[in-house]
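For reference, the chain that follows is the form predicted alone, supplied as structure tokens.
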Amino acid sequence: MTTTDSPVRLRAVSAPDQPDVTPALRELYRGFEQELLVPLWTEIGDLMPAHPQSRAVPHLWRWENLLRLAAQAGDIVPVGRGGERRAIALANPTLGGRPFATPTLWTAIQYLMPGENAPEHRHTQHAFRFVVEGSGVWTVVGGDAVPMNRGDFLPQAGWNWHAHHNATSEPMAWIDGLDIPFQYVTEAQFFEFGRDEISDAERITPERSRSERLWAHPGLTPIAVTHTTPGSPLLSYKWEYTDRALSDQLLLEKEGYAGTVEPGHAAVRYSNPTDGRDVLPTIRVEVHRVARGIETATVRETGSSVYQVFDGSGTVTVGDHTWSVTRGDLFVVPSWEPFSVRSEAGITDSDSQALDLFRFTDAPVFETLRLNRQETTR
């Protein structure tokens, strides 16, 4: 390989932290280029910065715009083999045009027209669905038809067969979250097509899925059923239980009991009923409720997060960016960017009279690798 063919480009520069520029140094660098070598002293500031410097930037997507464009796609783009899903991914503006919300997290709005069926497939990427509004779609995971309604969180660990069908006369939209970027960069992903059509027995519309009948009873584990695969066996976490848990935290706080993250700020984490751990191996999912008039502490942490406003309105600050947000809006918090939120009245009324935020993050990966770090200030 000649020097001109080499993808390595080294430049001798005069700087306090660099060696003196001499003919011998230039010759040394040419030798490095030919052998595809890069000396640490020219790269350490980029490879080992004093704190995380994410390639992603804070960004906000307005739900009304996403919904409008998804509806247009529903009229034009069919669902079927090839594209598989009418899913429109959020692309962080500094990630090179890739459909990645953050360097490790993928999210999209998915839209299914009346009577449509999204074909069956499976992939190693861990995934979930979250419904900010609407109902009428059933996702079929391993033959188990799971209803999707407003506020429901539906996790699905990797390598499970799944399809969707809309049994109503109205279109429906929801958000998908996956660890596609993480598996892409680690080169660990697999994908497989399933059947072109799910059976009539699976295209049913039960009020409760099989997984709910087995696993959705708090504190009770079925003795005759074992679950050894990654991720939660419970395929639907109903909003009514999430809402009650958040409301009870704030009510107990008023009665003088501890239990909230901070005054006026309640939060719950979805967990695997078999072991209490995160619902997915690479993704943590939470819902936060911030009472009106409350401003949270400023938090920054390693790893990235995507938030969706489930209900209410408020102001969020991520790094140097501040936005007013309302139902459905999505925004990104990159690694080590300071984040805070203030719940406000005025833009829309909410069911809970508070600002409810759905959040998912790559925290399980960082905790497993012992790379997690958090800093909180007021």
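All residue numbers refer to positions in the sequence shown, first residue = 1. Predicted model only: the values in this text are computed from it and were never measured.
Separately, the form predicted together with another copy of the chain exists; it is not shown, and the next lines address it.
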Problem set entry | Touches another copy of the chain in the predicted bound form: residue 84 (any heavy atom, 4.5 Å) | yes
For this session: Evaluate residue 335 for contact with another copy of the chain in the predicted bound form, applying a 4.5 angstroms cut-off between non-hydrogen atoms, and reply yes or no.
Result: yes
Exercise. Would residue 210 sit within 4.5 Å of another copy of the chain in the predicted bound form, counting heavy atoms only?
Worked result: yes
Exercise. Quick one: does residue 54 come within 4.5 Å of another copy of the chain in the predicted bound form, counting heavy atoms only?
Worked result: yes
Seminar exercise, completed: Per contact check vs another copy of the chain in the predicted bound form (non-hydrogen atom within 4.5 angstroms), the hit among 167-175, 220-228, 289-297, 133-141 is 220-228
Exercise. Who in 182-201 is close to another copy of the chain in the predicted bound form, meaning a heavy atom within 4.5 Å?
Worked result: 182, 183, 184, 185, 186, 187, 188, 189, 190, 191
